[in-house]
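Shown next as structure tokens: one chain only, the form predicted alone.
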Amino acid sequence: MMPTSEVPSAPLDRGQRPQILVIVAGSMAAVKAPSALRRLREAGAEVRVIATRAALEFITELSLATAADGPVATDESWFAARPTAQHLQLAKVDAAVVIGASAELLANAAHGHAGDLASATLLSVEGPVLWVPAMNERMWHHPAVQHNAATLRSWGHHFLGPEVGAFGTQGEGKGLGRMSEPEDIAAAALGLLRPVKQDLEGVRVLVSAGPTREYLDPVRFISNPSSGKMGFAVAEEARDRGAEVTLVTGPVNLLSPRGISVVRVETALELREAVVQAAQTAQVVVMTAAVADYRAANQASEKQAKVAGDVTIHLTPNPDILAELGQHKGGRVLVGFAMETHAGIERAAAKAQRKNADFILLNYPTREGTSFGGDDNQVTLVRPDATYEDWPRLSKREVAGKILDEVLRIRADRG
């Protein structure tokens, strides 16, 4: 879980000072690195610094060395130090943070390249790695960059940002791409050093994610823009807290997370079959999937030719998977999601009652920064008795943590 609170004023409670490797990458945001370094040191961490060649175009080696209270490693020092394998020595840390992560460095790490000191060192780090991207919005959304980020996430790497805000000097505007602030970077890095509580050890958790596709003919289908990120975040959070996790997902552009049993489906009927089967042994079910309400009553076996004028498509309802699970709930904790644009609390509470869910997470698709495909979410937890909790905008991994905290509360109340 990526914390966003301020860095604790007291030093970390460890027998020895934790060591954090900070890689400063080639971005104008590199100028924020000294502030993050100082905050890490104030919290009791010992920092080691690598500056890429591109980073030194934006900030001086002296500025970084002063903030780190120690030398800065560069490609020049790496080549000069051979054959002493400087990258292996630098990698002996408790965690690594890449500040101003560029598309190039993401690509190098995702493909195992080791042509520079930063990339070679990242290949040798055994502790957790936190990426803090900073780049143009168009670059961040490019499929290659997103694929590389997904690869790193599937290996257990963590991401903080990018955020929405002004960046650059050429009038790029206020799109997604701005690097997170130094206090948030330091808090997230320190959070990697605190062991995740294993409060779901031995619990079997089932999560559904992503959209479904309801085919009209072999090449046309009805679907929605769900990215699956919320469901994947819940599955990964449950795994990291010790649960045995099954993830049933519709078609998404996300890699299968390590340590999780992943079942990939396309249609609502396929998703229902996989979920109902997996639910038989699950103790917790979290239904984040955006299941299509309807499918074609008669799917054509061949591609239909375009015709002039209007076309009528006969749709038939898909099964209500959450309601079916609620009918045979037993002792499970059952969690659903809802998306409303108005009267959300009332509708979500009614849905929880009608479907026998323990609580519903209410999404707001029209709120800025929490639309389909984003890395953040803002939800309201709604219970069947219409009591509710408004949660602030958080990363989807943080939302996942709060969901599982509520699940554990319910399990504790039931004894």
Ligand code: CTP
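The first residue of the shown sequence is 1; numbering continues from there. Computed from a predicted model, the values in this text were never measured in an experiment.
Keep in mind the form predicted together with ligand CTP is missing from the figure; the text below concerns it.
### Query
Would K32 count as touching ligand CTP in the model of the complex under a 4.5 Å heavy atom rule?
Contact with ligand CTP, no.
### Query
R347: heavy atom within 4.5 Å of ligand CTP in the model of the complex?
Yes, R347 lies within 4.5 Å of ligand CTP in the model of the complex.
### Query
Is there a heavy atom of M230 lying 4.5 Å or less from a heavy atom of ligand CTP in the model of the complex?
No, M230 is distant from the partner.
### Query
Does G127 reach ligand CTP in the model of the complex if we count a contact as any heavy atom within 4.5 Å?
Judged by the heavy-atom cut-off of 4.5 Å, G127 is well away from ligand CTP in the model of the complex.
### Message
Whether A289, E340 and R354 jointly form a contact site for ligand CTP in the model of the complex is the question; each needs a heavy atom within 4.5 Å.
### Response
Every residue of the candidate spot has a heavy atom within 4.5 Å of ligand CTP in the model of the complex.
### in the model of the complex, the one of V248, I99, L322, A186 near ligand CTP [non-hydrogen atom within 4.5 angstroms]
Looking at V248, I99, L322, A186 one by one, just L322 meets the 4.5 Å heavy-atom criterion.
### Query
Which of D293, E104, E266, E244 has a heavy atom within 4.5 Å of ligand CTP in the model of the complex?
Answer to the contact question: D293.
#### Entry: Option from 130-138, 281-289, 197-205, 104-112 whose residues, in the model of the complex, bring a heavy atom within 4.5 Å of ligand CTP
Of the options, only 281-289 has residues within 4.5 Å of the partner.
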